[in-house]
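As structure tokens, one chain now follows by itself in the form predicted on its own.
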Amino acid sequence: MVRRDRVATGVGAVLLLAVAMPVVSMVLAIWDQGHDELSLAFLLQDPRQAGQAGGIASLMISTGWILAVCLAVAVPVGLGCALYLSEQVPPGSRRERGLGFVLDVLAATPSIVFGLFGYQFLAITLGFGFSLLSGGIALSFMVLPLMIRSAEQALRAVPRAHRQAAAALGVTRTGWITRILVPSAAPGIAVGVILSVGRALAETAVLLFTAGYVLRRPDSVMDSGRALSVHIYDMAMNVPGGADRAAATAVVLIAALILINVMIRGLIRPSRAGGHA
């Protein structure tokens, strides 16, 4: 038995190393190519000469606005849909299978399709134009299936004993959801938010059709702006000698994703502790 445990531990370590090595190699390669371009001025100055000079300050502002709009739509709508699925739709029912099929189709839809839809519906029909608002809402449409599925699984994983204890104590439906269910499922919900943030920060095609391409600093969400991911693509593909600055921007993007990950995980700890109090 001990020998089997050791073999299982060894296999697990090998698999973990196999997963981690490509990620570490990618990050080290990007750092090696772009670290010479990184400086305080790179973070605080706006880009000049099509990105060949200056920094990425305006791009970080645009990316922040786009991400804020995306999460402001995706988190409440996604959590609301997940609560409906977990609380009102019986597992294995025809309704559950139908809604699950729709979510799976949306999750598999190519991002360029969301970009075209966002351009036609948000930019033209609703009159938002090429703006950070259009980009953020279009991104929220794209990440909603991921957010809903992750939150639904987390909510369904809450032990049935919690529900039975709440019913025995006469806890209302609202109290059950806000004080017990959601705090208990908070780690799983946070995973959905983190995955959604990662996909939103990495997206390019959707934003090309909705948020625009300009380098200037936006004054509001109705202004057009270039996200960091779009800038990486443009510098690497369209600007001569821009590969090093593209890699430096990628380093900043990865650092931002790690920081957001840590912040979200830090925020759920107090709420989870409060839910178990």
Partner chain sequence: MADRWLHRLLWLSAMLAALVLGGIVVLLIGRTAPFIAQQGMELLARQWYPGDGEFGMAAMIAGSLAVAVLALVLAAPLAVALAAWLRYFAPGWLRRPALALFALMAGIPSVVYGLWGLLVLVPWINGWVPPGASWLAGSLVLALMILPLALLVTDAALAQVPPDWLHAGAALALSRVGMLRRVVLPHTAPAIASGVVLQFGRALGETMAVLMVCGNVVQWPGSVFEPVRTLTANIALEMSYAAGDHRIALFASGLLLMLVTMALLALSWRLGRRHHGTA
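No experiment lies behind these values; they were computed from the predicted model shown. Heads up, when I say rigid core I mean the largest set of C-alphas that superpose within 1.5 Å between the two forms. Numbering follows the first chain given and starts at 1.
Separately, the form predicted in complex with its partner chain exists; it is not shown, and the next lines address it.
**Q** Any chance A29 has a heavy atom within 4.5 Å of its partner chain in the predicted complex?
**A** Yes.
**Q** So in the predicted complex, does any heavy atom of R160 sit within 4.5 Å of its partner chain?
**A** Outside the cut-off, so no.
**Q** Using the partner position in the predicted complex, report whether F128 sits within 4.5 Å of its partner chain, counting heavy atoms only.
**A** Result no; F128 lies far from its partner chain in the predicted complex.
**Q** Indicate whether G92 is a 4.5 Å heavy atom neighbour of its partner chain in the predicted complex.
**A** Answer no; every heavy atom of G92 is more than 4.5 Å from its partner chain in the predicted complex.
**Q** Sort through A50, A236, A68, V214 and report the residue having a heavy atom within 4.5 Å of its partner chain in the predicted complex.
**A** Filtering the options by heavy-atom distance leaves A236.
**Q** Which listed residue (A72, A166, I177, I194) meets the criterion of a heavy atom within 4.5 Å of its partner chain in the predicted complex?
**A** Contact check passes for I177.
**Q** For 218-248: residues with a non-hydrogen atom within 4.5 angstroms of its partner chain in the predicted complex?
**A** Those in contact are S229, I232, Y233, A236, M237, A243, A246, A247.
**Q** Indicate whether I30 shows a C-alpha shift of 2 Å or more between this form and the one not shown, with the rigid core used for the fit.
**A** Result for I30: yes, a 2 Å-plus shift.
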